[in-house]
Every structure is written in structure tokens, then in C-alpha cells.
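So this first bit is one chain, no partners, the form predicted on its own, shown in C-alpha cells.
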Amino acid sequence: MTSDSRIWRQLKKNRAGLAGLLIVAVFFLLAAGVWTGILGQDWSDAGGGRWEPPGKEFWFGTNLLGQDIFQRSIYSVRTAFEVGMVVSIFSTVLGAVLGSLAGWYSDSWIDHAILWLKGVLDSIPFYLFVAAVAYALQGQDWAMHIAMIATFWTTTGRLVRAEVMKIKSREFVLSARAIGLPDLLILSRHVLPNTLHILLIQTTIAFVAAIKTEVILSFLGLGVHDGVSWGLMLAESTQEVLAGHFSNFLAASLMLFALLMGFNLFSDALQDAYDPKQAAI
């Protein structure tokens, strides 16, 4: 049985992982509906009354300004996926590049420089550093993304470095070096593909971390400005909850919880499927 078929077999046996994948798929369809203009396009319209209760016209009720909370929560799915995809992909790629270089040229000045940079970033409290970078870049459309990418790559880099250091001593790599292939060619074509399992798992973990961080930054006023997100909805709800109106808070919290739960279940299933110990089961 091939590695891919074994992994798929393990995934199919993991009901929690399949449930997580289904949840993520549903949320992705909601995001696709917003991208195509089918859903959530009236998120900014103040067509309702102040704090209207849930009903046929406004499924989740309205906020202080009379905006449809359901429309706003659905549009926020798009925000979550956009932030999650951009940050997870770019941070994983950056971690793969720097980690592979550090592992390939281990104990060289390249390795020492990358490890020093990683050590500096890891020594700074995570949310404090991200908030500081986002604040310093206020007014830039990609400030929040840059702040997260600059910090999220370190774990991926550490894991890839360790894996590359193991792979580079294998026979197929030694043979490629013996026939004179350039280091970067060996690294890109023969070594990095063997770290794909690490990169896939780290991408899902970074996706979850990016969404949570965006919510926190938006809640603090350092995240999304042109649009709406669950973080902004939670920020709005701080005053509404004091007035006895919980629709904004519940809609944002439950949607965030469901998406993160789905990704966490799927990420755990991926890690179990790629675990060599599962091969004998």
C-alpha cells in the first residue's frame, strides 16, 4: 500500500477528522458565496431598527445601527478565510525556505543567522510583537498580514530544519551530490518534497492561529478596517451586552468557535494520519 493510500485510509477511519473537514467545507462554501456576490453583500446596510430581535427578516437580529447581524457574520467568513489563507500559505513557504536552508547548511553562518533570527522572534511575547508590528504599520492594507507572517514561520522553520538535516544524509541525496547536482536543485527537487507532510500540517495550524490573531487584533482596533470581521463584531458587542443584547456576541462567537473547531479536528486527523506509528494499525 502506497503512502498516499495509507494516509487516506487513516483519514477515513477518523470520524472526528472527517467531521472537521465537513465543517471547514461548509464554511468555505459560505466564503465562496460571499466572493461570488451571492451572500453577505448587505452587511453594511442599516435597513433595520435598533437592536431588533431575531425574526424572519433578520435571522440573527440587528445591531445598534440596524445592520443585519446574520449578513455581517456571513461576510466575516470571507474575512477569516482571506486572512487565514494568505498568512498560512506565506508563513509556511517562508518557514520552509528558511528552515530548509538552515538544515542543509547546518552549522554554517547561514544556519546560525536563521537560528538567531528565530530566537529573537521567539523571545518576544507573541501577541505583543504582532500588535506592535500591526500598530507600527497602521494605514497599510497588509499590516496585519505582515505582522503575522513575520512571526508564524518560526515553528515551521524549526521542524523543516530538523527534517532536512535527517534527509540530507540519505542515499538518494548523497547520490545526487556525488553526480554534481547543485545544492539548491537537490534541495528544491529532492529534499523539500519529502517535508510535505510537515508543511500540510503546519499550514492548517497556521490557518487557525491567523484567524484567532485577526479576531484579537480587530477587537483591539489594529486589524480589519475596510470590512467586517468577527473581531469587530465582538468589539461592537461589548456595549450591547451591557444593554442586554447578545445577538452580536453570540453570532460572532459561535461562528468563530465552529470554524476553529473544524480546523482543529481536521489538523489533528492529519497529524494522526501522517504518524508512522499508525502504519501498523
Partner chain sequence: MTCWGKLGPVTPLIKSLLLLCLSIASMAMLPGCNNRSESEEAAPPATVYRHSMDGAPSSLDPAQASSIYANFLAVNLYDTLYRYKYLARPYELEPNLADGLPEVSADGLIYTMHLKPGVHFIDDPAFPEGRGRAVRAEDFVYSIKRQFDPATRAQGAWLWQGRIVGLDEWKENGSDYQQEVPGLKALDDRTLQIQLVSPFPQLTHTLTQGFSAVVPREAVDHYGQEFAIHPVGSGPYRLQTFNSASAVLVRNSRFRQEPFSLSAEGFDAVSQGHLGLEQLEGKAPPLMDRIEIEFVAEDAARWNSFIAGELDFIKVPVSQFDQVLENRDPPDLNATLAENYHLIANLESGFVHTDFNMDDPRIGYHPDPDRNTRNHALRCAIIEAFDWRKRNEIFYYGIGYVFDGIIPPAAPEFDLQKHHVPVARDLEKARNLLSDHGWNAENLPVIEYGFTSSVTERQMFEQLRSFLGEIGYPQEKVKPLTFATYGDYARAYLNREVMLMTIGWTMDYPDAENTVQLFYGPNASPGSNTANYNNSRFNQLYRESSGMQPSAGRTAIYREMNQIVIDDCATISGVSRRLILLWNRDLAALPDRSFVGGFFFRFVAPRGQSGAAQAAE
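Nothing here was measured: the structure is a model prediction, and the numbers come from that model. Positions refer to the first chain, counted from 1.
Quick note: we don't show the form predicted in complex with its partner chain, though the next part is all about it.
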One stretch from 251 to 259, 208 to 216, 22 to 30, 57 to 65 that, in the model of the complex, holds residues within 4.5 Å of its partner chain by heavy atom: 57 to 65
When you measure heavy atoms, are 135, 224 and 239 every one within 4.5 angstroms of its partner chain in the model of the complex? yes
Interface membership of residue 36, its partner chain in the model of the complex, 4.5 Å heavy atom rule: no
At the 4.5 Å heavy atom threshold, is residue 43 in contact with its partner chain in the model of the complex? yes
Is any part of 71 to 96 within 4.5 angstroms of its partner chain in the model of the complex by a non-hydrogen atom, and which residues would that be? 72
